[in-house]
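Below, in C-alpha cells: the form predicted alone, a single chain.
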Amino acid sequence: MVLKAFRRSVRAENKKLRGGGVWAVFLLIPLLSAAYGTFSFCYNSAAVTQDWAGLWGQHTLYYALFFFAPMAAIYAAWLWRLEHLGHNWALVMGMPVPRPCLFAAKLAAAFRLVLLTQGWMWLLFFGCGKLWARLPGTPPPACLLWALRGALAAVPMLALQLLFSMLCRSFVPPVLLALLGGVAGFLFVSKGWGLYWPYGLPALGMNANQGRDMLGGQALPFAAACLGFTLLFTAAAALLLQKWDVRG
C-alpha cells in the first residue's frame, strides 16, 4: 500500500518537471560552469596539468564550489512551488497518501534530475576537452565514476534543501543557503572535515579540483555519511509533516 502510494507520488512529482523553467536551469548552469572551467584550464597552462585529470579538476572546482549546491536548491524549491501557491498546501495535506511518501517522492524526483545533470556535466567535460582543450584520447573511466559518485553524494544535500524549501515559500533564501553551504563545503573538505558537512560530500565524491581519488580508503565512511545525513533530514521532514502544518 505504501509502495503504491510512493509510486503515485513519484509520478506526480515527475509531471511537475515537465515545465520549461527547471530544464533551463538544468541546461544553462552546467554550461556556464564548463565555460569557466575550460577557460581556466586553457589559460593557466603553467599551473594546471594539461591532461584530462587537470581539466576535470578545473571543471569540478567551479561546478562544486559555486554552481552545484544552488542548482540542487533550485530543483528542490521547484518541486515545492505548487504546494506553496494559494491554498494548495491544505489540499496536499488532505490527500490520501502517507505524508512521508510526499517527501520521499520529491527526493526521488530531485535525485533523478541531479543524475541527469551529472550526465550532462560529463558530456560537457568531454566535449570541451576534445573541441577546445584539444586533449588526446578519451577521459579516464574514473571521471565518469566520480560524476556518478557526486550524484549519490548529493542525496543528503537534496534532502536538506527539500526540508528548507518545505518550510519556506520563497526560492531565494534556500538558494542563498545552498550557495553559502557549498562554499563552506570546500573549506570543510580542505580541512579534512568533508564527511561531516552535507555540502562537502559532493565535492568529495566528485574529487573537485583534484585529479586523484580524494576518498582513498574512506569509501565506507563516505557511504555512511551520505546515508546518515539523508535519513536524518528525511526523518525530520517526515516528523514535521506528520506533527505540524508547515505553511512556509
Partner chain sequence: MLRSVRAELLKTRRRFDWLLLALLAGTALLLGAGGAPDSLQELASGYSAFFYTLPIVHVLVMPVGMAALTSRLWDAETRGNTRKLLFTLQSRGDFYAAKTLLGLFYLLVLAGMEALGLLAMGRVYAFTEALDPGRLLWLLVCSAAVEAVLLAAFTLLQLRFSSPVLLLGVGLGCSMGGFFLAMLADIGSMGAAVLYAAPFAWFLPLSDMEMAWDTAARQAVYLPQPRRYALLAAALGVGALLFLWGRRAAADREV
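Since the model is a prediction, treat every value here as computed from it, not as a measurement. Positions refer to the first chain, counted from 1.
The next section is about a form of this same protein that is not shown, the form predicted together with its partner chain.
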Task: The single option of 25, 10, 238, 225 touching its partner chain in the model of the complex, heavy atom within 4.5 Å - done: 25
Task: in the model of the complex, the one of 124, 152, 175, 167 near its partner chain [non-hydrogen atom within 4.5 angstroms] - done: 175
Task: Within 4.5 Å of its partner chain in the model of the complex, all of 71, 78 and 179 (non-hydrogen atom) - done: yes
Open item on the list: Using a 4.5 Å heavy atom cut-off, which of 47-55, 29-37, 200-208, 217-225 contacts its partner chain in the model of the complex?
Closed with: 29-37
Open item on the list: Test of understanding: in the model of the complex, would residue 171 fall inside 4.5 Å of its partner chain by heavy atoms?
Closed with: yes
Task: Partner proximity in the model of the complex: residue 43 to its partner chain, non-hydrogen atom cutoff 4.5 Å - done: yes
Task: 4.5 Å heavy atom contact, residue 131 and its partner chain in the model of the complex - done: no
Open item on the list: Since only the chain is shown here, I'm wondering whether residue 85 would be in contact with its partner chain in the model of the complex (any heavy atom pair within 4.5 Å).
Closed with: yes
Task: Contacts with its partner chain in the model of the complex - residues in 182-196 whose heavy atoms fall within 4.5 Å - done: 183, 184, 186, 187
